[in-house]
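We've got the same protein chain twice here, in two forms, each standing alone as structure tokens: structure 1 and structure 2.
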Structure 1
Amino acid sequence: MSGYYTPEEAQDVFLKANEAYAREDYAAAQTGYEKLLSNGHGGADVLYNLGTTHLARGDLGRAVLFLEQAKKEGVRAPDLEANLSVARARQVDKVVGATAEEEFLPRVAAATDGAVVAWTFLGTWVAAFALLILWRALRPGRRTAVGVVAALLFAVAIPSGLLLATHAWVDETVHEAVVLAPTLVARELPQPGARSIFEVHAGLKVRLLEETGRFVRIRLPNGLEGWAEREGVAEI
């Protein structure tokens, strides 16, 4: 695939894909958004629109995948959550059983906004150092107020720095995926002939634990684990 490398050309493809979606030509809309992704002109808006297009076409797996990727890119629009809710309502799987206890750090990361944490850390750290330099330049009798504000900023910067490190660790080590295959068999061992222990279907969000050969070990939200074909899932 070639072309569409300039911002102007990418914008033209994006608008034409939007127009195709508006007239319910979902195949043309999907082609346009996929062209943008394959040429490095993705981003949250393209991912969101592509996920919405797959939802309109009934492809639950790719709908959830691209909507979740848009969410990971920072989209917090109510429409995104609404579309994800529609996709989840259409899923075959209703996972039952005790919910697996989420580890502490992933729960902390999920409860906080990574971008806000990063900007809070950067802003308070820079401001605190600037005030520290000012404090050293002032005469002893005029340092108190500046010193108190600098101490408060450091008090915010340190925990926000730890929280930022938590987000980085979770991004690096926790891998979530979406089932793309209409039916995905999870087996006891990473072998084609191993005993089947459960089946899941397109659109279900799972955790990737490890990979060997063409198999990955997946964990369901209720903690159930099994080995499944790698090509049946896509990482968010």
Structure 2
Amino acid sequence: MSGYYTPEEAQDVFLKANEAYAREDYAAAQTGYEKLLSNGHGGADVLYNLGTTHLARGDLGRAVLFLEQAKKEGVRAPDLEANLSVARARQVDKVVGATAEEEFLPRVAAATDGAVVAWTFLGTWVAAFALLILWRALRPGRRTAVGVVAALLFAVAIPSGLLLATHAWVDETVHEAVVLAPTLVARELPQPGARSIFEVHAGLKVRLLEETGRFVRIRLPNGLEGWAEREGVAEI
């Protein structure tokens, strides 16, 4: 954590931003929360407050972006879900059509906690090897119990390792983003003059597929794809 603010100073900035929000001075509230974030005093609570402030200001794109970031960082909370619902209700785009089936691995990753999986794997993996070394050192008569425990640890370590690999793969390859631009044109090719396929508006959650120059290829929840300008979206 950055040493720019002491914990007391950070709390003070946070409270002042809250007070600004309460008196509907959303610009001041936003500045306060952003200061905390830029100086390493982030977290789900600050992101939630910043997203809520943007929502109150009517900046739907950044509201969804920070609320989704808060959701990604912390546990699911009713206030977060409620404000996200409000943001979705205000979105211009209602994506229609058959919802593209989410791939299996992203669904698995979404259903499990990556940190828990990582620590479980590391713990059981190291312990299992330690017991394996102990097993080699022991005389044959005393090996049984150590061997059984080592096998059990491996039985946990291997699936959790596969799950960890899934998380790592999804973290590396699946990139979700939120449309920030009021109107973002998706084109057929990554060129400014290419034919426009569709338009999306601020607040819509999309998937980033690839990047070329200043264009990114986005995919809508219903599977529609197109090239849009990089500045128009922000990764969650």
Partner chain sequence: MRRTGSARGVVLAVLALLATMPAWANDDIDFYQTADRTEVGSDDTFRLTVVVVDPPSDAQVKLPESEDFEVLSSSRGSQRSISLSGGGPAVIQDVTRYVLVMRATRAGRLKIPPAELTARGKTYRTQPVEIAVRTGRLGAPSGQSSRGSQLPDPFANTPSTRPDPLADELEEDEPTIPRGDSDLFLRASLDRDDVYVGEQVTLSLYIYSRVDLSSVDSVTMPKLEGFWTEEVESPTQLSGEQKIVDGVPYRAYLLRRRAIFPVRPGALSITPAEADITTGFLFAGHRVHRVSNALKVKVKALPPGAPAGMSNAHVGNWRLSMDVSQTRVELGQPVTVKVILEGVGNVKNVTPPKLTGPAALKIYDPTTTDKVAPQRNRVQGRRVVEYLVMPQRTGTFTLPALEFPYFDPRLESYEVARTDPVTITVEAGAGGVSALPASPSQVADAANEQKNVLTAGGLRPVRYQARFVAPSEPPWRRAFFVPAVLAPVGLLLGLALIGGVRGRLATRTEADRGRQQAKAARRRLAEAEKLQGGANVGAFYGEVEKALHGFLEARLGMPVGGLTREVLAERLTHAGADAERRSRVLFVLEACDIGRYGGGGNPAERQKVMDAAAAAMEGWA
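No experiment lies behind these values; they were computed from the predicted model shown. Residue numbering: sequential along structure 1, first residue numbered 1. Think of the rigid core as the biggest set of C-alphas that the two forms share within 1.5 Å after superposition.
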Number of the structure representing the form predicted on its own: 1
Classify residue 90 as shifted (yes) or not shifted (no) between structure 1 and structure 2, where shifted means its C-alpha moves by 2 Å or more with the rigid core superposed. no
Using a superposition on the rigid core, decide whether the Cα position of residue 113 changes by 2 angstroms or more between structure 1 and structure 2. yes
Rigid core fitted, is the C-alpha displacement of residue 198 between structure 1 and structure 2 2 Å or more? no
Distance moved by the residue 165 C-alpha between structure 1 and structure 2 (core-aligned, Å): 3.5
